[in-house]
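Shown below, as structure tokens, is a lone chain in the form predicted on its own; questions about how it binds or moves come after it.
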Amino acid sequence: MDDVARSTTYPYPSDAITLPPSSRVDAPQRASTPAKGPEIPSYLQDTYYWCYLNPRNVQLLDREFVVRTILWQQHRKLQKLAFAEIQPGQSVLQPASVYGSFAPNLAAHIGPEGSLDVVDVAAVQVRSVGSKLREFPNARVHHTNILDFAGRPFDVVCCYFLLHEVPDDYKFKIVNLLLEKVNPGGKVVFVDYHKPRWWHPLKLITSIVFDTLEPFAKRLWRSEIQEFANEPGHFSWHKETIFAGLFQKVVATRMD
């Protein structure tokens, strides 16, 4: 696709980010008439503006220690479990920006023979992840809604802590889109929250956090990720729970 074949460099404070045309983002302070980007979903604007769209807060929160703290120091283990499903040299789709060093670590993991495409709907997230990937010519960042992303099929799709943040209708749409994005024999790797065991010491505080800040997360406590797929029979499914059930890794491998 043309987006993959051509690239253009755009200015960014203190850095130059090389992005494909689909990722075109003009720095607000330098653009008199900024190009119209994709529409921000209402749930993202209403629920997560403070942490994902506010530029000042993004700068404060997009740090590795923040991710480790939020994930109760399980981030390295969860990242390792996700990367275990991905081989060097493969093509990988990451359907949303992830705070911290996840994207550059993934780009390094697949190596120069592999390729990484990161998609995000928010311009501030595109700029942030683009700056972290500037040393990886095998990585591209696309400024678009993942539901509108028309990129090629991939060997692996790595969906890292996205599903718990989206409403139920988006969960169905995203899961089915990602399943369509892998080649025969390819994998979709979901790493996300899961209902912890009844005795888990962090269950109550996690429940309170979800009720306060993550209103769409508890659906993953009540449903299997496989249940969001329209045609789950085309895939083999493997589920693993981590940290006494608070997290899960689900791997869907395409059989046809």
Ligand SMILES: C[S@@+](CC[C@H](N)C(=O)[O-])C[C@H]1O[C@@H](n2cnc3c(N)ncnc32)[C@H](O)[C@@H]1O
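Counting begins at 1, following the sequence as shown. Just so you know, these numbers come straight off a predicted model, no measurement behind them.
This protein has a second form, the form predicted in complex with the named molecule, left out of what is shown; the following refers to that one.
- Shown alone here, residue 91 lies farther than 4.5 Å from the named molecule in the predicted complex, counting heavy atoms only.
- Looking at residue 190, you'd find every heavy atom of it more than 4.5 angstroms from the named molecule in the predicted complex.
- Taking non-hydrogen atoms only, residue 44 approaches the named molecule to within 4.5 angstroms in the predicted complex.
- The closest non-hydrogen atom of residue 170 lies within 4.5 Å of the named molecule in the predicted complex.
- Taking a 4.5 Å heavy atom cutoff to the named molecule in the predicted complex, the contact residue among 106, 139, 146, 157 is 146.
- Contact with the named molecule, judged by heavy atoms within 4.5 Å in the predicted complex, is confined among 178 to 186, 80 to 88, 106 to 114, 122 to 130 to 122 to 130.
- Annotation: in the predicted complex, residues 221, 225 and 247 none come within 4.5 Å of the named molecule through any heavy atom.
- Annotation for 81 to 113: interface residues with the named molecule in the predicted complex are 95, 96, 97, 98, 99 [heavy atom within 4.5 Å].
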